[in-house]
Every structure is written in structure tokens, then in C-alpha cells.
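Below you'll find only one chain, the form predicted on its own, shown as C-alpha cells.
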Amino acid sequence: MENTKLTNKERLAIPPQKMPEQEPSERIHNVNEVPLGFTEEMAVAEAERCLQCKNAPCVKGCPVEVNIPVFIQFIAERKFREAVDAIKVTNVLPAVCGRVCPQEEQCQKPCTVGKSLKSVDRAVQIGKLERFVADWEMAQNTAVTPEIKTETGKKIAIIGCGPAGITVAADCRREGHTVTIFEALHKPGGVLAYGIPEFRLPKKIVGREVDNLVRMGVELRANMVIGKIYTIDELMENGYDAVFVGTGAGLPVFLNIPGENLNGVYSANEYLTRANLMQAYSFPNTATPIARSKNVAVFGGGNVAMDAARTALRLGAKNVYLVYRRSRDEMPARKEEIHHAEEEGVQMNYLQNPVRFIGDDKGWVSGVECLLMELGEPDDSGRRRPVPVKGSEFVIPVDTCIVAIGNASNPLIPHTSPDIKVTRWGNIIADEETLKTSKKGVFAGGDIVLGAATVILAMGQGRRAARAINEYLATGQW
């Protein structure tokens, strides 16, 4: 597909389009989405920045290999239906990925425009364009159900309705297999539903994407904790020819410091699940309460920590401190999320580390003692190791603390299926290309294999697993 209207020099001269956003002073009082989306004119202008490179380095940077130049060219030509269809060949969650994928580390990082202008921040904004066409489709109410091949009679059980499970379900159902998703919680979506706040990913979008699966004929069974209600062996005895495990990394990691069992100390999982999935932000209109805090400390430097801190502000906190043991440069969170948190008033306490929680006489947290840190030599992650500064103890008065330092894999399935091999950290061992586990007929992908990763990496594993499942069911060869 050639783009001949403008020269490359003219395209490079077009400035990146700035997506409008809610003002910080307004958005901290609501849970509405912060970025408001491109207008049609903005999207077309941004699409015209694309050079339509023949080698398409952006595609190589996409874990699900979306044909990025093609869908962007369709946008430039105002062929939005065609743009959506081009994305959905390989990505069944464009509205989600357009919002939460770290494009700056994936498809936009190798973009020729960004490299020519010597800044990834000036690359073609692929994610924002993906969001635009996905939202256009939703506004038109013109979602197209993918074509389903002739029914094969083969049955697939998918454990977990997160990004990996959703991707496997779509790709396997397209081949004509009968697909059932078993979801432990009462609503589908996995981390998309419980872990990412409404102001970053509206739940109506997650619901719409899951509805697409149902229209394709995928059966969804909620409140089904596999490992308790059924084991994997029992699923296979009940007629499932293949099983995909996509249970995520939902086991919170704690700090293991004194006082962590005090009331008011949350894992980020619990705090965000109450707020996102169970809508505790609108209590008492919803049945789920959550602490209404004045002074909140959040521990961690990733996207989950940013989500927790920004949620606390929206729940009425006067002071939110994000306590991180390294500097801003080492933070793993997306730059956009750090920027939004700073705009909204989250107080960034860099080079600090908690050593104990302090409680009142009623068992509620009232403070957290921290140490100042300084950066030493790089550790195994390549980041400079934080080293405590002796005698630098100080106390931050708080009434709520949120631990957001990572998640581990839930041990339930490995414990009830001991023939599935796991790493010493409890992650299921799966072949990198086929996602086959040590148990015949069982595949696994997403965070249960990778550890806590990104939505799009989980989807990439889901695509590879689906290809391998389809081949296994067609040939019977393991």
C-alpha cells in the first residue's frame, strides 16, 4: 500500500498530535477516563506522519504482529472500518491495547519517524491511533463478528478470562472448536477488570470485548475456581481435548516487615479490586466498602503503584505519598502514568524504603517508618542497587498503606496438577514457541508463565498458544 500525497520530508514536518485530557483539578474528583481520544481530524493528521516503511520495524516490535502500516494508511484515507478490520486480524482487543499497552517500549520504539526525529516521544502515536479506530467502531455500533469455520467437535477449556485467555478463545473459536472459558471471579476480563482503574480503562470497553467472544459462540462460566471446583484432570475426563491455563499472577507480594498485618494495610490487588471490579468508589450505591483515607502511602514504582496512588486521590485522600526505593529514572512505570500521577498531586518520595508499620491502640496503621536510600552499583536487573543510609529513619503519618511491589503466581493449579512443572517461583514452565506444558494437552501463557508482565505480551503468548492448540487438535501430535 503506497502513500503518495506527501513527501517523507513533509510527513516528518507534521507535529505529533496532542490528545486532549481532563484537567487534573477536575479528574481527581471522578473516575472518568483521563485522555479523551483523538478527533477524526487529529487521527488523520497523525496517520499522515507515517512513512509507510517497506521493512515495517513497528510490526516487528508488536507482540501480536498487527499490520501497523496498513491500518494507519486506512486511517489516513478515512477508511476507519477497514482500519479496524486490519487490526482485528491479529488483535482482538484494540480498544484495550490502544489504552494500556506500553507502545513506547514496543511498536513505537523502532518507528522510523521517532528515530529520524531522535525521540521516541515523536514517533507515530500508534497506540492512540489504534484506540481511535476501536472507539470509532464502538460509536458506530458496527462490531463485526469474525467468521467461524466449520465445527470440528473438539472442545477447549480456557482457565482465566484475562488477555491471554481471551486471545486464545478468539483464535481457537475461529477454527471451529468449541471453547469454554472458566473465570474465577464474578466478572470476566481478568486484570483488565480488577487491576486497571476505570480512569485508565473503562469497564464498558472490557465488557464489549468479552461480548464479542460470546457472539462468536464462546461459552463463559464465571465464579469457577479451577483447582477447587474441577481439577485439570477432571476437565479432560469431562471431554475437553485441550486446556489452556491463563490464570495470571494474582498472588500479592508483601514487604515482610513488622506491622504488615495492621488494619489499613492493603495489597494493591485488594485495593484495586475493591475499587475497580466492585466499584467501591461509589459506596454505598455499591455494596463493597473501602477505606476513606486522609493520608495514604503507596509502596512501589510500577504501573500498579501509580494506579493505586491515583485511585486513593479519587477516593478523597488529602495526601498520597508514593514511596520508591530508587530514583525517578529507575521507575518501571510508563512515563505517561508517572506524568499523570505528578499532575494530579501524588507526592513522589524517591530513595526511601519502609522498614516497619506503626499502629495505634486499636490495631490500625498510624504511620510507616522509612529509611533514606542511596544508589550503589547495578544489580542483576541492570538498575543501581538501593543502599540504606544508616541513621536516617523517619516516620510518615498515614492511615492507609498500599503495597504494590509485585505479584506472584497463584499456586492452586500447580498444587492440584503436580504433573505440570513449575519454576522455583511457581510459574508454569511452557515451551517458548508452542506454550506446551509438561502435561499432554495442557498449554499455558500470560503472567502465569511470564510473571507479572503486560497485557500485550500475554496476548502475544495467547496467539502462539492458539496456533499450537489448533495444530495439536488437527494432528493429534504432541
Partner chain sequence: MNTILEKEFLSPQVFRMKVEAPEIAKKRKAGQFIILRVNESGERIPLTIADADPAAGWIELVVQAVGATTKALSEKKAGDSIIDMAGPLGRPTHIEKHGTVVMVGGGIGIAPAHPIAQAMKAAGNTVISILGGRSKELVIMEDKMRAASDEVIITTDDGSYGTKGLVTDAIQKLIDGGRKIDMVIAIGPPVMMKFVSLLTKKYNIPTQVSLNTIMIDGTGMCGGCRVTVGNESKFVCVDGPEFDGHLVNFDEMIQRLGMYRDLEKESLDHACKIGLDR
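Everything quoted here is computed from the prediction, not taken from an experiment. Residue numbers count along the first chain shown, from 1.
Unshown form predicted in complex with the partner chain; subsequent notes refer to it.
Of the heavy atoms in W364, some are within 4.5 Å of the partner chain in the predicted complex. Contact between T286 and the partner chain in the predicted complex is found at the 4.5 Å heavy atom cutoff. The partner chain in the predicted complex is not approached by Y281, whose heavy atoms all lie more than 4.5 angstroms from it. Within 4.5 Å of any heavy atom of the partner chain in the predicted complex lies no heavy atom of R78.
Here is the short version: of G300, G250, G189, P94, the single residue with a heavy atom within 4.5 Å of the partner chain in the predicted complex is G250. A heavy atom within 4.5 Å of the partner chain in the predicted complex is found for exactly one of R215, K204, R221, R328: R221.
Taken together, the three residues N269, R292 and N410 all come within 4.5 Å of the partner chain in the predicted complex, as judged by their closest heavy atom.
Only one of 80-88, 128-136, 269-277, 389-397 places residue heavy atoms within 4.5 angstroms of the partner chain in the predicted complex, namely 269-277. Shown without its partner, the chain has no residue in segment 61-80 with a non-hydrogen atom within 4.5 angstroms of the partner chain in the predicted complex.
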